[in-house]
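Let's start with one chain on its own, the form predicted alone, as structure tokens.
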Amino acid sequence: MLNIPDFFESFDRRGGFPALPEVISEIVHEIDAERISIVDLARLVQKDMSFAVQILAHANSPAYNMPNRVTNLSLALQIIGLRPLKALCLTIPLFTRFKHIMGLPELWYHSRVTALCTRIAAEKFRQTLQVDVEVAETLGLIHDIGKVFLFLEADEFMQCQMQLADDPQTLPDWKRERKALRFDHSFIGTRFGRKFNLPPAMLDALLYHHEPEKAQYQQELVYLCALGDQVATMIGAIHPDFRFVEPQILEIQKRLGLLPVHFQDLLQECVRRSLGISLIET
């Protein structure tokens, strides 16, 4: 059994959280500094052509419903927005670097569909909850980032959990992690978020997307992230290590005031728009 000190001692020996590629690190720095124009940011992104291609692909994803294909990088950055761009800076290098590890392609797919579902929900609740759609989408994309490090540092445990994933009697992933390891992917994700100076509301979503009632900052956003996570699973973008919708989905709907007929509409839109997201895209 791993415990927190053992896990992070091993993790730190291996170099801790991987450093971002130089250009992407510079992009994150400029976004945080809030002093760069979209045109200059596009020039910076173009220094890493692989990342630039992925940004263009993301701008053309179903999340944004663009009527025509986007081929201009500056326009792509305007469409995506700075907060989601920072999330892409933090996630794409990780999932690209470790895509050979069993389970991570499925986790990346789940994360992208969760971002889409969270964005769709935020668009519907924009007025009533006064939520920022960009922030909601960002939370959906990074909510499971802690699992990447579990796959790296607790690979035997995670591979075992993947074998049990289709057992209807199994506990939710985060509960199994706490039972076996004494911490979960939410805890690790929050530590990652602090490293990159994410604001309190985002840290709360990383830490409490399975227990949104515990959130202290912008609780509505955390509930939206929890909703996006569960809806993604419901429509088939399943976790590699847990394939069922949790009972908390009913409480989430109640907390957000989401009536059954509106929930059905939300599901249908999420299904329709998620069809354009590929499992193998990285």
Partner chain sequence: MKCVAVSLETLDPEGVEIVSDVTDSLGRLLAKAPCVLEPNLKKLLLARGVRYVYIRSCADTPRSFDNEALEKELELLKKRLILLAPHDREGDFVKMVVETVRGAYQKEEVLPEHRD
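Residue numbers count along the first chain shown, from 1. Quantities reported herein were computed from a predicted structural model and do not represent experimental measurements.
What follows is about the form predicted in complex with the partner chain, which we do not show.
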Checklist entry - Hey, in the predicted bound form, does E246 get a heavy atom within 4.5 angstroms of the partner chain? => result yes
Checklist entry - Is G257 one of the residues lying within 4.5 Å of the partner chain in the predicted bound form, judged by heavy atom distances? => result no
Checklist entry - Just to confirm, I238 within 4.5 Å of the partner chain in the predicted bound form by heavy atoms? => result yes
Next on the checklist: I'd like to know if D132 sits close to the partner chain in the predicted bound form, meaning any non-hydrogen atom pair within 4.5 angstroms.
Outcome noted: no
Checklist outcome for this item: Answer among 216 to 224, 48 to 56, 26 to 34, 249 to 257 for heavy atoms within 4.5 Å of the partner chain in the predicted bound form: the stretch 249 to 257
Item to check | All of L152, Q159 and L164 within 4.5 Å of the partner chain in the predicted bound form, heavy atom check | outcome: no
Item to check | Option touching the partner chain, based on a heavy atom within 4.5 Å in the predicted bound form, out of W174, Y109, F192, Y208 | outcome: Y109
Checklist entry - Which of the residues spanning 89 to 126 lie within 4.5 Å of the partner chain in the predicted bound form, based on heavy atoms? => result H100, M102, P105, E106, Y109
